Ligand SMILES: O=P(O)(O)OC[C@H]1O[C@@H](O)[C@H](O)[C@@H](O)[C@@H]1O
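Next up: just one chain, as structure tokens, the form predicted alone.
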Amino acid sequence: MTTTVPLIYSFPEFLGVAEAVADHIITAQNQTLYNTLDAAQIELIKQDRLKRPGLLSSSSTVSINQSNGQSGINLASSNNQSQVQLGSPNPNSNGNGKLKKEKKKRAEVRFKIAISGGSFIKILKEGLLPREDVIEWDKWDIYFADERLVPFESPDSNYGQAKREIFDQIKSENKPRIFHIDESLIDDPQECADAYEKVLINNFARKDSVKLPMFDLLLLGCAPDGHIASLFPNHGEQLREKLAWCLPVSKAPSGPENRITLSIPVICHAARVTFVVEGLTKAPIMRIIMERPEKGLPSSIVNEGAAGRVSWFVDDDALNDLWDITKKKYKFLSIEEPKN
């Protein structure tokens, strides 16, 4: 495995991580829904006074801007241009039909995001809930990168934790669409994984046949033992799976034994993959991930497989054991940068 260095943003404390991750998520939301980060343009698009900027080529890709050590998200097309048009409200205008068509098309655009659980939920809670004024919850489709097969009321349930700490705390009347596992299948990891894969197929491949689903943003933590989602180092054949979207996990080395998880190919296929790591307990594994990619830890595989689309948001404690590493300053793009 070659050494692929992802973007690494470091912060002195936990709150700084939460605020930057919130900006990163909201930036991905706006880029997905509106193809622009310009607040004035977004407001005009919402009022149907401006056509959503569109890419001029279907071969467009999403990339993360790494220039000058600052963050950003670029939409690149074959000629690196996008078009913005003012819509005419005149019902006799020939462009009115196009505007209605554009409005319908825009209404179908969803922000598809997958999240993991554990301490990561606390980071999302601290970062997102104070910023509901710029979050369009009703346009979010939230999936889970993995799930522990326990009742939802259990503190070990990723969905249960996210529901209690985030979903139930949303003040807006507009709520996200949430896709969790079938709780009645928690006694059968294979059946539960198959059922969740069918949910993904129905939502990502209903209209067009696709080899893999593409999440707009996939958010992951990293445990001290190096596992991400429920993909554990040196455990079974999960890391070598090439075809399945969702995998069963039995006899997991830590925590609840039975789980399901998204596969490595699905994670690497996301438009943006973001790791969020904090705490001194993560410092040893962070050193292995960044300095010893040949060890083949799951996150090292993702760093390589999704090269150019991976970001790490970490506090200084998590980087305590790393010396020769380039840390970048995060540039806030969608919310006001907090004052120190």
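Because the structure is predicted, anything quoted here is derived from the model rather than measured. All residue numbers are counted from 1 along the displayed sequence.
The next section is about a form of this same protein that is not shown, the form predicted in complex with this ligand.
- Proximity to this ligand in the model of the complex, defined as a heavy atom within 4.5 Å, holds among 246, 223, 162, 186 only for 223.
- Checking 127, 117, 213, 176 against this ligand in the model of the complex, a heavy atom within 4.5 Å turns up for just one residue: 117.
- In summary, the region of this chain contacting this ligand in the model of the complex, judged by heavy atoms within 4.5 Å and restricted to 143-151, 265-273, 190-198, 177-185, corresponds to 143-151.
- Interface membership of residue 51, defined by any non-hydrogen atom within 4.5 Å of this ligand in the model of the complex, is ruled out.
- Of the heavy atoms in residue 282, some are within 4.5 Å of this ligand in the model of the complex.
- Residue contact check for residue 218: none of its heavy atoms lie within 4.5 Å of this ligand in the model of the complex.
- Within 4.5 Å of some heavy atom of this ligand in the model of the complex lies at least one heavy atom of residue 227.
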